Every structure is written in C-alpha cells, then in structure tokens.
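Okay, so here's just one chain, in structure tokens, the form predicted on its own.
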C-alpha cells in the first residue's frame, strides 16, 4: 500500500476560520477556529493524507502584512526542510491573500509545494466553502504534478500560480482567478485536471535574503487616482518617510498632465515611482503611461498596485537602484510574457 502524503496546515486566521452567532449571520469573528479544528471538519481529508496542523495567527488578513508574512515564510521553509512533510497548506484571509501569495513566491525557496487557501464564508456558515477549499488544496499539493516546490492558491476548484492570483469579488465564491494567463489545474471531485503549465514566476525566490533579516521593509505608499483629481494626490501625500511610491492610475497607467509632471519630479529627486492601474486586470507599459520614457517613472506591467508595492518594498530592501528595479518590473511586462 502506497504511503499517504504528509501535509502540514498552517493557520493564519481569516474568514475560513471565522465564526458567527448563527449559520446565516453576516457578521463573524475571523480567526476564531483553530487550524486543527478546521481539518477535523473536512470529511475525507484523513483518507487523502496524514495531516498535522498549527495556528500562528488568529485574525483577519487585513491585519497581516510583510512582518507577519516573513514569519510565515520562515515557518514554511522550516516545515518543508523536514523529511516528514510533503507539502504545506496555509489558510489565510482573502483580503490580502494575493499579496501574501506574491510575497511568499518572491521570498520562499522551499523544495515542496505550498498551497494557500481561504474561504468567502465563515466556518460556521450554512454551506461554508472552507472545508472544500482545504480539501482541494491538500489534494493539489499531494499530486506528483506539484512536487518540487512552488506557491499556489487553491480556491473554488481552481489551482492558480501564487504570483498570478487576483481577487475579483468581495462576496462571490469564485472570487479568485489567474492573471495574466489562466489556472494551472482544476479539481474535479477527487481528481486533478491539469490545464496549463506550472507558470513559474520570473522572480521566484529572488528575495530569499529578506528572511535572514528582522528589519521592516522600506515604506511604500499607494496613491489612487479619481476623475478630476489633478495633482492633488501627490501634492497632499506625506512622502517624508516614503522610499517608494505606487500610483494606481487610470486605464493603462494614464494620469493628469500635472500629476505626471509631479511624478517625474519625484522620480528625479530620488523616490522610486511605479505607475500601475486601478483596473482589475492591469497592463501598463512605458508607451501607455502619461510620463515620458526618460522621466524615470517605472511601469508596473501586469502587476496591480498592491503587488507592485510588495515587489518595490522588497527591491528597496535589497538595496537596488531605480534602474535595477525597473528591470525587475520589465519581467512582468507584455513583451516578456
């Protein structure tokens, strides 16, 4: 009889571990259910794998950021170094799931697969989606297709490369999709249907060195534009402690002329400025923004503002200059896909 895979579940809170007063209540407390309780509630999980669990955070993911994700990444690598573990499942809130997955992809070099999963309904809800997502995450990383490492997001039958995961709805069960590209696989019952290739990130593990440090990442702010904003978003921004800035522009990175001039001045004065877009599926190139090619403002490619901020923070922490950082973002541009 073949040995069952050994999966370790790390709980960080979120809706998947939330508890409400009733099965139909809209309000709930995130992180109220321990990871061990979550896996005990998943029918069939014990037949699929030998599962262990721990909880390291018990809160909504709106309270998590690079400080907590670094602790999570360190724990993932520690667990993956053990011969007694074949893969790791992380339960996480959906609010910052895409940023967490991107961060983990950029810093982790674990040689075993890591699947992040979550839920849109709390554990106590009628028809809670967490148990199915947890089962599908464990099933996915137990497959030979995913051995050798990598970070993935498994939600609502979809297996998505972690760096490509984006959240598109605040309420729907199918709230996550892959962009750019499509899902790596789909879970069908107790089987895995491979759809695309592994779609590895162009910078997977590039910033592994951040795990050896305890310093907080450099401050990077995001400024969102609205119609008629002029240059006020930058004129009113407090950039004294800001080492980098991400502008969530319009369309393909356009912005008012006065704001484009202000952004160029900031870039010339030493602040690393990246322009992304406020649309759901981003594609910003040097030829689509309102700044000139020689202004020093960096287009984000396919990275949305929140992912751009994660990459920019890590790049600044690594001591890279603006030209080097521009080269990293270029890897996510249309010409490199």
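Numbering follows the first chain given and starts at 1. What you see is a predicted model; the values in this text were computed from it and never measured.
There is another form of this protein, the form predicted in complex with ligand GLU, and it is not shown here; the text below is about that form.
Per the 4.5 Å heavy atom criterion, ligand GLU in the predicted complex is contacted by stretch 27-35, the sole one of 264-272, 27-35, 40-48, 303-311. In the predicted complex, ligand GLU sits within 4.5 Å of a heavy atom belonging to residue 93.
At the 4.5 Å threshold, heavy atoms of residue 119 reach ligand GLU in the predicted complex.
Heavy atoms of residue 54 never reach within 4.5 Å of ligand GLU in the predicted complex, leaving it off the interface.
Under a 4.5 angstroms non-hydrogen atom cutoff, ligand GLU in the predicted complex has residue 60 among its neighbouring residues. Along 7-23, these residues reach a heavy atom to within 4.5 Å of ligand GLU in the predicted complex: 14, 15.
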